[in-house]
Every structure is written in structure tokens, then in C-alpha cells.
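One chain comes next, on its own, written out as C-alpha cells in the form predicted on its own.
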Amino acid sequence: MDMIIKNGTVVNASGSFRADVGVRDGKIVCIAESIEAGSCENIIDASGKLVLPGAIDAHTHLAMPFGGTVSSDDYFAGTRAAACGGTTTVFDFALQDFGEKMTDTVKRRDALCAPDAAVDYSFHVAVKDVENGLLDSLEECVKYGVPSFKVFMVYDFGVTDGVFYRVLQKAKEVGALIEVHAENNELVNTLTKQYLSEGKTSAWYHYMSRPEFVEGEADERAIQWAKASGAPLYIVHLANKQGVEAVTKAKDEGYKIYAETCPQYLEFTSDVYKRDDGRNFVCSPPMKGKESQDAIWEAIRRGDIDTIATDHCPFQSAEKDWGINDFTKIPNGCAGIENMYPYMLSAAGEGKITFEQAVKLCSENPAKIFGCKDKGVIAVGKDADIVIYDPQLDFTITNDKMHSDCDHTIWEGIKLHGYPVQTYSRGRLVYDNGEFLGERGWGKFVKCSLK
């Protein structure tokens, strides 16, 4: 064997147990109560630590053009930060161009950006154009290994209701999964114009122009269309109580509705937009009120939230400052790719959830939902994407400890109890006690299958 991790407690979604883990050629080849070292010289003592599957961040926007600029983390910076937070696979959104086949979108993005990745990666295609036969290209993309597609109900590149429904119908036909950014575009535009006309331009009015009902109404509408079409639906970055209730109802009725939320909605409320640095927290959908936050935590505990992801899309402070006097000029997005797994594991250490639930939300469920067959669990035959976690290590998040290219973090000063000490990507040590040890280009494209 190339490596043996000894004396740790393995944590999977199904349970925890004391075991040694043996790795050869990037794969887990043995899990046993005790593995003899034999000729293996790379012995890792994980006494007192947890041995976890690497996290999967199924929602990132790396090097994404938005708001007149590009998100600050390219594929190398973003995946470097991911590795240092225990995330070993990231999904990025490849934004389709008009007139472009879905598979060509993936190939273009893969050729331009992904060779820089430091951990494994895959894609979702963000759909813009389904005319002139392009809708049929979903099937080719599914066969290529990218079976998940996202529609936006907002922004100038968002789709109409009719296009959204056609995409759902096609997904049902070809075995794809449709994701949705659900907010009511007309209401956002109406409220935005109203507040600007009244001279209400601070970051607080980013939230006021996108309050709970703007997202909740769109969640309900999207779920209704998924029910009508018979297609599965994955709601990204769910942040409101009304939407949570709609997801729970649909699940109880037996529909295949998945829900994702993000750590920022679990830690912060809309009060952050009243702060002097409130523009740094501007993302869409925005953080909501305490009632919505409580509803999300309860949904996590009862299993109605399926995954945690980050919507990682950071911008530099100077770019956020474009909106000091006009919230509509603030690029939307925050950093989080390095913070997701540590935050959820710390929540487990505090008793808010169990460690098994944290692993299920951050690793096993996204692997299952998006068809990453070799990821998501510590098991023989799976990729050796492994995180060694010290549950007693206290850690305070500061930007100078992070590994992103962004010059600030909304997580500044947040205290965590427990923190990853090592990350292995396919058996290779890429993070060790605060230091990134990986390399640009190590990451491989993960082809996925929902079958």
C-alpha cells in the first residue's frame, strides 16, 4: 500500500467506527480494525481524529463574469482554497453562449479554465438558449458526463417561464437533473426601481428588493412545474421559510425535489446589510430574517435539506465598493469554498447536527445526487479523497489564513471548534496544517452519471 491511516475514527453518513484505512494508486483498498504496515512507509497516525470523505462543493462560480467584472478566484485559487477546507471536488457552472450546444459549453469551459484545477472538478451547464435544436443537445451532454443543468429565473440571462418548462420536459425525457435559481424577476425589478426612485440605495435595500416572498413565490412556482412535468428538481441556495415549507410538502407527497442551502444563510441574517461593510455580504438570494434561518436549520435536522454548497463567487473589496451609494452596482457573491466543511463540522461538534449528518450533507448526498460514483464515502474502491479532522482544534477564521485570491472574507472572526488538519486528493496530500501542498493541474474532470 502507498499509505495507511491508522487509529482514526472513520465517519460516513451511515455511521462512525474505529478503523485503519489503506490506500493504493489513489484508491481506498482496505478498511480494517488494524492494517499491518508491511513495506508501507507512509503511515499516518490519526489518533483522536476523524477520518472523513472529502467534501463536494456542488455550487461554485469560478472566474465568472458578473456585474462588470470577473469573480476573484480562478480555477487554481478556488480549488486551492477548497483543498485547504477539506473539499476535494467542486462543481462549477459553465454558462452557455447563445447558439452554443450544451456539450460545446462544457468543452469550452474545460479547455479554458479547468486545466488549472488543484482538486477534481465537474460542471453544471447554465442554460440560456434552447432554440434551433439546442434543447436537444441536453441529451448529448448527459451522455458526455454532465447530466445537470441550471436555469435562472432572474438576471438578464435568465430564462422565461416557458423555456424553463420546456427544459424540465426535456430533462424528464433524457434523464437529466434541472437546478433552479428561484427568485421572481419581475418583483425584484419592480422593488429595485421603487427603492432607487426613493433614494434608498444602501446595501440594506438589496435585501429589501429581494425579501422572503420574492424567493418563496418562485420556489413554489418552480416546484409546481416540476410536479407537472414529472421531472426531478434541485433548488439551489434555498434561503427562505416559505420555500422550505414548499420543499417539505413536495417531498412528503413523494416528488423528487432536492434542496441545497449555503453556510452563509445558516450563520448570518439580513441584519448584516445594516453594517458599514454590508455590501461585502451582498449575494443573491440575500441572507434572510431569523425566522427563515431557523426554518433552514430545522429542515437540515429533519433531512429536507439535502446538500450544503457555497455559491462561492467572491469579488474584491474595491469592486464591492462600486455600490457604496447604489446597491445595484455591487457585484453579487461571497467567498465560502474554504469555509463550508469546517463550518458544518464545527456545527456538528456543537451538537446542532451529528458528524454523520455533516458528512451526508457535504459529501455523500451531492455525490449521489449528481452521480459522482467514486466520491462521497470512505469505502473500498472509492477515490482516496480523505480529510483528517481534529475535533478539538480551535480555529478563528481570518482572511490571512485563507487560501483564496479574494482580499476579504465575510467569515472574518468566526470561531470554529474543530478543523481539518490534512486533505488528501486521490491519495495525494494537498493540505497539511495550514499549508497548501497541491499543484495547479492536479485536478481531473469527473464525468457523472445519474443512472
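Values in this document were obtained by computation on a predicted structure and should not be read as measured data. Counting begins at 1, following the sequence as shown.
Same protein, other form: the form predicted in complex with dihydropyrimidine-2,4(1H,3H)-dione (DUC), not shown, and the subject of what follows.
The stretch from 189-197, 116-124, 326-334, 130-138 that comes within 4.5 Å of dihydropyrimidine-2,4(1H,3H)-dione (DUC) in the model of the complex, counting heavy atoms only, is 326-334. In the model of the complex, at least one heavy atom of Y155 sits within 4.5 Å of dihydropyrimidine-2,4(1H,3H)-dione (DUC).
Although the partner is absent here, C283 is a contact residue: one of its heavy atoms lies within 4.5 angstroms of dihydropyrimidine-2,4(1H,3H)-dione (DUC) in the model of the complex. In the model of the complex, none of the heavy atoms of C262 sits within 4.5 Å of a heavy atom of dihydropyrimidine-2,4(1H,3H)-dione (DUC).
Proximity of K360 to dihydropyrimidine-2,4(1H,3H)-dione (DUC) in the model of the complex: non-hydrogen atoms within 4.5 Å are absent; the residue sits far from the partner.
Think of it this way: in the model of the complex, dihydropyrimidine-2,4(1H,3H)-dione (DUC) has a heavy atom of just one of K49, H61, R426, H403 within 4.5 Å, and the residue is H61. Listed residues A222, I308, A81, C313 were compared with dihydropyrimidine-2,4(1H,3H)-dione (DUC) in the model of the complex; C313 is the one with a heavy atom within 4.5 Å.
Taking dihydropyrimidine-2,4(1H,3H)-dione (DUC) as positioned in the model of the complex, the only residue of 171-203 that brings a heavy atom within 4.5 Å of it is H181.
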